[in-house]
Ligand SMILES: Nc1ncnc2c1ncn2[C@@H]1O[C@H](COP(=O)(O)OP(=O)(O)O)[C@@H](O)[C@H]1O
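Here you get one chain, nothing else, as structure tokens; it is the form predicted alone.
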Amino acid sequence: MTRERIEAGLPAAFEGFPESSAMGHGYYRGKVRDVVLGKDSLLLVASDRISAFDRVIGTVPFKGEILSRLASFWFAKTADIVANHHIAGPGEFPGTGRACLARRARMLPLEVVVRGFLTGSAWRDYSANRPVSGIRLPEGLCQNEKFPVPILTPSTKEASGHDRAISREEILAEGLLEKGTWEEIERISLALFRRGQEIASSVGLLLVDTKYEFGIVDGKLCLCDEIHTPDSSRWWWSDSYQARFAAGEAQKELDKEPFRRWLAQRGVTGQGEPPSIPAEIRIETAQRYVQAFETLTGEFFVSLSGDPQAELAVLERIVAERLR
């Protein structure tokens, strides 16, 4: 997608699905997704809001549509590994590319992060001589080093405040999950990560780490929320990894980490009033999202959505006609 096309989308960012459009259904607004609750299903609407450090900072054009379409792509690519909550999504609702109709699930109180490399918060814990979600890693590892075998680092999903890193032993001791359920989650999470690595490798990318969320539908484990998007995953370009690692240089990224760094360089790490995002930064960030979509799917990105008001009318029809 050209810079000019992205610039044209700047004034038309979809900021959210209002509660007034939920038509009496339950409604929940997350940092990025707005959720309309039916009895057996729910509508996930990915806005163009962008969050960092647990807060919404602003909007990035096309972001919500790209998240929904990438999640739909990955749900299809991993359905043989585990069932997911997806019923219908982008491409099935003319006039919008950001909606996903999904089965309601009893969500489990944990997020599972699978890590293939020592980076991010895992590196910060390791370099401070702290265990990573209860895992004591061997001495002598370097930042951005690839693990011989990916590791699982779960965290709790707190109702308020920051999520809490938690070990396998603590999960079982605190009774958050039964042993059999957790072992199934471990097996499935590693299988999903392997599938993500294989597909990423075929297009010149490394899946560095990613987050999975699970729920229970009809008594069975079900993959929910999103999977392998630039919001939930860290991506590096594989052709430059080894040289940059050997030189101790930062990796070439294809996710939202550059946006987080831009904020951190301005002193934004979760407190205080965030700065207004300049058009240049919004465009650069949108370009990375578009590039991630095109690289992973092999498709040229053409928006499926209309202007925000027309798209809102489409979403309202989905609520009225499809939400049960």
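Residue numbers run from 1 along the displayed sequence. All of these numbers come straight from a predicted model, not from anything done at the bench.
One more form of this protein, predicted together with the ligand, exists but is not displayed; see below.
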property	result
Heavy atom within 4.5 Å of the ligand in the predicted bound form - residue from I277, V268, I283, V35	V35
Interface residue in the predicted bound form among L42, V290, L296, A52, criterion: non-hydrogen atom within 4.5 angstroms of the ligand	L42
Answer range among 201 to 209, 181 to 189, 238 to 246, 98 to 106 for contact with the ligand, defined in the predicted bound form as heavy atoms within 4.5 Å	98 to 106
Partner proximity in the predicted bound form: H85 to the ligand, non-hydrogen atom cutoff 4.5 Å	yes
Proximity of R194 to the ligand in the predicted bound form, heavy atoms at 4.5 Å	no
In the predicted bound form, R260 touching the ligand (heavy atom, 4.5 Å)	no
Interface membership of K157, the ligand in the predicted bound form, 4.5 Å heavy atom rule	yes
In the predicted bound form, residues of 221 to 258 near the ligand [heavy atom within 4.5 Å]	C224, D225
